[in-house]
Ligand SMILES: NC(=O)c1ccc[n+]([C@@H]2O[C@H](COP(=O)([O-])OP(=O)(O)OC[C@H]3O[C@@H](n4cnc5c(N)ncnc54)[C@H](O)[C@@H]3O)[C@@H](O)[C@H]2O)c1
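Only one chain comes next, encoded as structure tokens, the form predicted alone.
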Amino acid sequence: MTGESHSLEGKVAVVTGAARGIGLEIAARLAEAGVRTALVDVISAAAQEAATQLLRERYAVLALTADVSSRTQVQAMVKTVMDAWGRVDILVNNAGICPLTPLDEITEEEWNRVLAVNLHGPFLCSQAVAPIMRQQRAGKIINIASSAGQMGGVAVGPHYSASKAGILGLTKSLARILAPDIQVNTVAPGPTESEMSRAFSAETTANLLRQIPLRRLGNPPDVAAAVLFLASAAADYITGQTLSVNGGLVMP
């Protein structure tokens, strides 16, 4: 097959948590590939700033504000995308939060908020775009999980690990329910250079690096490359799978 057959040119993507870090890198790579891309974030100014960066490159992007844990806001966000571009081909459920709170200090409110954003959010977004993709008879849903969901968190809390483990199950369930028209997969990054990893202590970072065979943290382009592969026609026969991008930290 030629590379052209895997082109994403002209497709429409929704990327949540797209204002910075991994989400912004994914959105930028999709836009660079010719995808009309909605950058969704809970912080309106941050979403607009990120979109402005990409608009300078003459990419077709749209800044949208939504709390993915709110059904009303998610539905409004998807309607705006449909009003603008008339379709949704790719959904990347990237939005997530990770408070580094010790176990005995995690409140019920914090536990519920992490699960609401990290697990309920991807469910709501997937539920909102599924009828559109089914009508199109094509679509890709790509969830961003974490090695913490595969092995338990090395440097993160149990609420984060539980939410990301839930993503793995959600992916398999949606892949079965939405087949054959929609492929649903997960990318599970290991520790990645981000605001979160920069909050780790030097001792925690050194401990992580000792456990990673490739001896470095991941970076946003590593994750974005995996997402672009799963979004492309090259991955049309892949569904219900988890693509681990972790330098060998977890080998399922």
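Just count from 1 along the sequence shown to find any residue number. In this text the structure is predicted, and so the values were computed from the model without any measurement.
Keep in mind that the form predicted together with the ligand is not shown, yet the notes after this line are about it.
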V227: touches the ligand in the predicted complex, heavy atom cutoff 4.5 angstroms: no
Contact flag, A231 vs the ligand in the predicted complex, heavy atom cut 4.5 Å: no
Exercise: S194 in contact with the ligand in the predicted complex, heavy atom 4.5 Å: yes
is_contact(R71, the ligand) in the predicted complex, heavy atom dist at most 4.5 Å: no
Position in contact with the ligand when the complex is considered in the predicted complex, options L124, V88, M77, V117, heavy atoms within 4.5 Å: V117
Answer range among 174-182, 127-135, 77-85, 90-98 for contact with the ligand, defined in the predicted complex as heavy atoms within 4.5 Å: 90-98
Heavy atom within 4.5 Å of the ligand in the predicted complex - qualifying residues of 223-250: none
